[in-house]
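Here you get one chain, nothing else, as structure tokens; it is the form predicted on its own.
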């Protein structure tokens, strides 16, 4: 949930830090993503404090929210970046991230991605197949480089989360299974342009139970022992991200401090620098999606609809993952209604909430869709010819436009006559 000290109601009107959301809507229009910079920093510092007892390095998972200003806020704190494509690498570099603090993951890196990563001088590439290792070696050889690589190991741990965001099960596309690691280590002994120095895992997102990490780590520790006995100098031990945040107050997330208490005793035995890749944990509750009510509608059964100007093109998580987002009226009311909060897109899946109790907002009023800082604007689209929303970052009593709203001209600028 949002930090109520950074998103407070003042005189009955919801604010972000020192600025009312109503004034931001007046200045920048809606739909509008509004991010609290101090929320980002507080969450990062909390994470660092939790794992302060370990030699570690945190790499923000850029895929959660790749706005340059978000990346830069973490980079200025000393954070690195975890990227999954050439485009994300470009964004991290444009935000001023030291390439020596960037790691690249991704099950389907193109040759162009790999070459861009190598020539940029990033810390390491994480490989997910024998073929990818050969590809990295070939490209590094052509460039006259020797490249540090990590192996993403699939620990075959099925965490309790949405099936679309579990990544550590052997049925999924990610990583290399334990049975194939012997072939991997044998291949690496014969590749001249890669050096294995990292073992990596990632078991999914929104993992509430630390025991899933614990089980996966025990397996990865066995792999670490095997790799070292085979002569590899493993200096980094990457356990990914996936730490949970609270979307629904009825389902509060397990505190990050609990994960640190549970995992530190295992991790400190590795004799390595631990790499973390939090994304959602750092950004999800830093941002709201501000939207204006277009129409109130009631059908013949008495069902209520609140139709707003934001839609699944702005925040697709409810449609894609059946995810819960709290919704608040920007101006508080004394009465409530039970309604579907829906967008204008021509899809029945275009909704933010079904049968939700919300304040009895009228047409023209504002709603705030909470927890919109991860996998929201970054997954937005122009479906139905809609313009992607503007984004604003608030720091105290200062607001800064960090992404302009699309224009109609941009919708066709890449199309060839």
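Residue numbers count along the first chain shown, from 1. Predicted, not measured: the structure shown is a model, and the values here were computed from it.
Beyond what is shown, the protein has a form predicted together with a small molecule; the following relates to that form.
If you check the small molecule in the predicted complex, you find a heavy atom from every one of 243, 279 and 379 within 4.5 Å. For the options 313, 206, 154, 285, the residue carrying a heavy atom within 4.5 angstroms of the small molecule in the predicted complex is 206. The partner is absent here, but in the predicted complex a heavy atom of 105, alone among 92, 308, 290, 105, sits within 4.5 Å of the small molecule. Although the partner is absent here, residue 317 is a contact residue: one of its heavy atoms lies within 4.5 angstroms of the small molecule in the predicted complex. By the criterion of a heavy atom within 4.5 Å, residue 63 is counted among the residues contacting the small molecule in the predicted complex. None of the heavy atoms of residue 109 is located within 4.5 Å of the small molecule in the predicted complex. When the small molecule is considered in the predicted complex, residue 44 lies well away from it, no heavy atom lying within 4.5 Å. Listed stretches are 140 to 148, 235 to 243, 260 to 268, 116 to 124; the contact stretch with the small molecule in the predicted complex is 235 to 243, by a heavy atom cutoff of 4.5 Å.
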